[in-house]
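Consider the single chain below, provided in structure tokens and representing the form predicted alone.
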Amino acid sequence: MPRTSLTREEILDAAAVLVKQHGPAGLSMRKLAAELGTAVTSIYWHVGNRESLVDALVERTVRELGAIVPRGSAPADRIVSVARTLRRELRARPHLIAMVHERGLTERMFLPAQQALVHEVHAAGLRGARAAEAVRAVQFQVVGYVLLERNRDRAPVQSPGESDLWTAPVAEHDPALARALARPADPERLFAVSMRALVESLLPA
């Protein structure tokens, strides 16, 4: 028996899950209705047609990306916290981010994070062009890192892999370096280290 009580947010939640599992092409009103145990007409009544549903998903994604709250006491800590949250949010919803991009709303999506960064670089003493450069450097580092991570996630198994390639002679006879590079990279730690180095180089001494 079809469900009689259904909210717009429940529909958007289920639609987001379908997009995450199957990509934007996998989102159809029929699949969504089946997932929710309701009639297609009920979906239309709450959110309109598929285009309206996609628009609503995009708008919600933009809002969610805007809810970034800096954490920490020192300016560098707070900037790094914004970067880490932005990376986590982008990683969590790649297909939804792609839909935002297709709708031409990427710049709007990033604006709240940029504003949070502006506030923090101002607090650190930067103004004008140097502040703008710092904000964009952090944003570009985050986006570039996420894209690299996605490419690594989707890459085929490498043969030979890093564990086979890195030997002491290749590493200029630095055995500890060879062992470290032969181990899988720790994306979380690497991001934190690289972002910290970038931020500290941008802020006033």
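What you are looking at is a predicted structure, and each value in this text was computed from that prediction instead of being measured. Quick note: we count residues from 1 along the sequence shown, nothing fancier. C-alpha atoms forming the largest set that superposes within 1.5 Å between two forms make up the rigid core.
Below, we turn to the form predicted in complex with the DNA, even though it does not appear here.
Against the DNA in the predicted complex, the set F140, R150 and S194 makes no contact: no member has a heavy atom within 4.5 Å.
The DNA in the predicted complex is approached by L27, whose closest heavy atom lies within 4.5 angstroms of it.
When the DNA is considered in the predicted complex, A39 lines it closely, a heavy atom lying within 4.5 Å. Interface membership of Y44, defined by any non-hydrogen atom within 4.5 Å of the DNA in the predicted complex, is confirmed.
Under a 4.5 angstroms non-hydrogen atom cutoff, the DNA in the predicted complex lacks R60 among its neighbouring residues. Of the candidate stretches 44 to 52, 174 to 182, 140 to 148, 61 to 69, only 44 to 52 contains residues with a heavy atom within 4.5 Å of the DNA in the predicted complex. Put the two forms on the same core and the Cα of I11 is off by 2 Å or more between the shown form and the other one. Taking 2 Å as the criterion, R30 counts as shifted between the shown form and the other one: its C-alpha moves by at least this amount when the rigid core is aligned.
Core-superposed comparison between the shown form and the other one: the C-alpha position of Y145 differs by less than 2 Å. One change in the predicted complex concerns R93 and E10, whose Cα atoms lie at least 3 Å farther apart than in this form. Annotation: I11/E89 CA-CA distance longer in the predicted complex than in the displayed model, change of at least 3 Å.
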